[in-house]
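Next up: just one chain, as structure tokens, the form predicted alone.
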Amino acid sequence: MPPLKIGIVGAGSVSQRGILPHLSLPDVSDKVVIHAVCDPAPGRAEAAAAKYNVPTFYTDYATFLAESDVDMITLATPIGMHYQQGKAAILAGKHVHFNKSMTTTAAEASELIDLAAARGLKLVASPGEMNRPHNQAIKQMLADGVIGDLCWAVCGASFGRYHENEIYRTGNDPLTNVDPSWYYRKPGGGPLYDMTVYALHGLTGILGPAKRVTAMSGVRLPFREFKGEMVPCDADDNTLILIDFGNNVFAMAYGTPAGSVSEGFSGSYFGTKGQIVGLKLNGQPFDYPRSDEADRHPHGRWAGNQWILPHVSEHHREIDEHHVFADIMQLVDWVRDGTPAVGTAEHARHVIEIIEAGLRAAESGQTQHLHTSF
């Protein structure tokens, strides 16, 4: 089978940090090649295509879908655009990888899942957190009762200011003037859809589908400054969600401007005989497949966990966004040889429903029952 032709939609920060450099390496060229890049920002698609030797570039998405002749696309655009762009791609006969989050509502995700299934197309949605060996190990330890009866868990992330400080946003040329303002606006902005989504994929991948949620949420920082301009923010940036997994097992997930009560995105799990906090069982590091390899990373095991993701060979180790590359390659393998993907659209839909229902619970003051599963 010849290599699949992929189109990269959005040549902003995530594409430049990871997608373009990973997929440009020769060790994947027998499976997938970048055939086109599309971005409406003046000069950006052309500059990205020139830098990474991509044969074609587009500034109009509809023209890209009609003319580029790609087999699959990766959507690296603002989250609020994923539903419409994903639907258009499916209707054009393309397999789709969604960078997180897949959509902003569960109903949108369901529509895309059904639409793709009816056309025999495949969808993969980041983040595929259950590709990570440590998450699989935590799931097995809980099933084996290593910490006794699980009582509760906590996971989440804080937004910080990293989007404003990325090198791709501080310059004046098309590849370094990427505006981060969408991160702070509805639909799709805020730490839940951008950051907490990782933690929720890990949490639900380990514990299974949730049953119901309640929450408190709001906008803590109504303005942010970028390049001397004040950016109004209307996406909730300060949220605490309580999650019921059934049988009186509860969890808290947070998406906040600052602070953390868990380690990494794996969360912490507390049982009657012990606890798993980050990568430690009862205060001591636990082993998992290739953890010794992760330990050799100069910045420690958390950073080393990026090295041991599927498809991340030595050539890819110094490039960022390893997990995005791994998720894209899941779709490549699924299309080429039928290997099922771990990062399923159904899992992504359930996480999106948790976020969506959490925001609705905060607004209404009423607990929300969940209807999706995976």
Ligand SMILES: NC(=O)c1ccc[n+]([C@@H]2O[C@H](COP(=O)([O-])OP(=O)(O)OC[C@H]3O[C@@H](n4cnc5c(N)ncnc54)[C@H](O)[C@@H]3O)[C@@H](O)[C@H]2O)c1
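Computed from a predicted model, the values in this text were never measured in an experiment. All residue numbers refer to positions in the sequence shown, first residue = 1.
FYI, the form predicted together with the named molecule isn't displayed, but the following is about it.
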For the chain shown here without its partner, which stretch in 179-187, 209-217, 232-240, 110-118 has non-hydrogen atoms within 4.5 angstroms of the named molecule in the predicted complex? 179-187
Contact residue in the predicted complex, chosen from 324, 331, 345, 48 - any heavy atom within 4.5 Å of the named molecule: 324
The named molecule: the contacting residue among 155, 73, 124, 76 in the predicted complex [heavy atom, 4.5 Å]: 76
With the cut-off set at 4.5 Å between non-hydrogen atoms, does residue 17 touch the named molecule in the predicted complex? yes
Heavy atoms within 4.5 Å of the named molecule in the predicted complex: does residue 81 have any? yes
Exercise: residue 40 in contact with the named molecule in the predicted complex, heavy atom 4.5 Å: yes
In the predicted complex, residue 358 touching the named molecule (heavy atom, 4.5 Å): no
